[in-house]
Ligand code: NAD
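Below you will find one chain, with nothing else, as structure tokens; this is the form predicted alone, and questions on how it binds or moves follow later.
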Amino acid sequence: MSSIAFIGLGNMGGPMAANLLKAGHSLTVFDLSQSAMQALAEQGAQCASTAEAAIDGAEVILSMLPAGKHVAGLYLGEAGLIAKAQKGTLILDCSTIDAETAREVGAAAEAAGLDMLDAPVSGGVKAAQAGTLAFMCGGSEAGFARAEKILAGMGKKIFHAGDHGAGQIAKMCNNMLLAVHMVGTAEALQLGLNNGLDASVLSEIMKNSSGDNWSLQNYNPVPGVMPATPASNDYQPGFMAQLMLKDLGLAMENSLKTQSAVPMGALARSLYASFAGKDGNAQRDFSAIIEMMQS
């Protein structure tokens, strides 16, 4: 078992940290939210007053932060954790950020003699709670080999996508596709509803036909079809629409830099921008996009 410093205890980070405790690791946590730290303390974690204090004696540093600027601010510079970490420390950043920042921070860690992976996740809050996340990792083979046993405490599918930044690229591509097929699934189901079909019956037909996809199988956007989905819980996230919009923004920025044609991704981003811009929608689950097809 390892001594781990966990920084960032939000909707995803909190349950991920809890699963590391369940796996038997020693955990020191830091977050700006005292209540988030207290919840982990009640499960056996130690609380630190600063991020720097959290990494004292840690073999592994794991972070789950909102955006690239937060990751860069945490790790880079004379006061950053890369400069403060002891030699041999493994750093795992599970935030979803731009690939350029992931590469910059990864290169700085490598120059300091540290193994670092960008390791964004897929699966949402439900998978974070259940310990069934998918991890998409970018970094060295040696770093990945060290990371697998740590990540296995929080997820079931762990992939090595390539060098620094590759994990972020894989996550970006995955979530763009997720947005596209959620929009398509919502369109198709609402069309069926508008013609008097039962959404449950239509879902079963499509799940067993050529229209089958992950959204139909696991995340149906129609209330009542799947009892455990956000749609059946007043669209409580889950995965917030504003986070999907953020991820689609990363994809659009990258598509311009790489001159990649992403017309479906661009349309999905436009739809999510319109949806999330309405009062309250940004914090609702991304599957609530079906409401845009109901007018």
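A residue's number is simply how far along the shown sequence it sits, counting from 1. Note that this is a predicted model, so its numbers are computed, not measured.
If you look for the form predicted together with nicotinamide-adenine-dinucleotide (NAD), you will not find it shown, but the lines that follow are about it.
Using a 4.5 Å cutoff between non-hydrogen atoms, residue 125 counts as a contact of nicotinamide-adenine-dinucleotide (NAD) in the predicted complex. In the predicted complex, no heavy atom of residue 251 sits within 4.5 Å of nicotinamide-adenine-dinucleotide (NAD). Residue contact check for residue 9: one or more of its heavy atoms lie within 4.5 Å of nicotinamide-adenine-dinucleotide (NAD) in the predicted complex.
Although the partner is absent here, residue 260 lies well away from nicotinamide-adenine-dinucleotide (NAD) in the predicted complex, with no heavy atom inside 4.5 Å.
Checking 45, 240, 231, 55 for any heavy atom within 4.5 Å of nicotinamide-adenine-dinucleotide (NAD) in the predicted complex turns up a single hit: 240. 64 is the sole member of 268, 27, 61, 64 with a non-hydrogen atom within 4.5 Å of nicotinamide-adenine-dinucleotide (NAD) in the predicted complex. In the predicted complex, 246, 247 are the residues of 245 to 266 with at least one heavy atom within 4.5 Å of nicotinamide-adenine-dinucleotide (NAD), listed from first to last.
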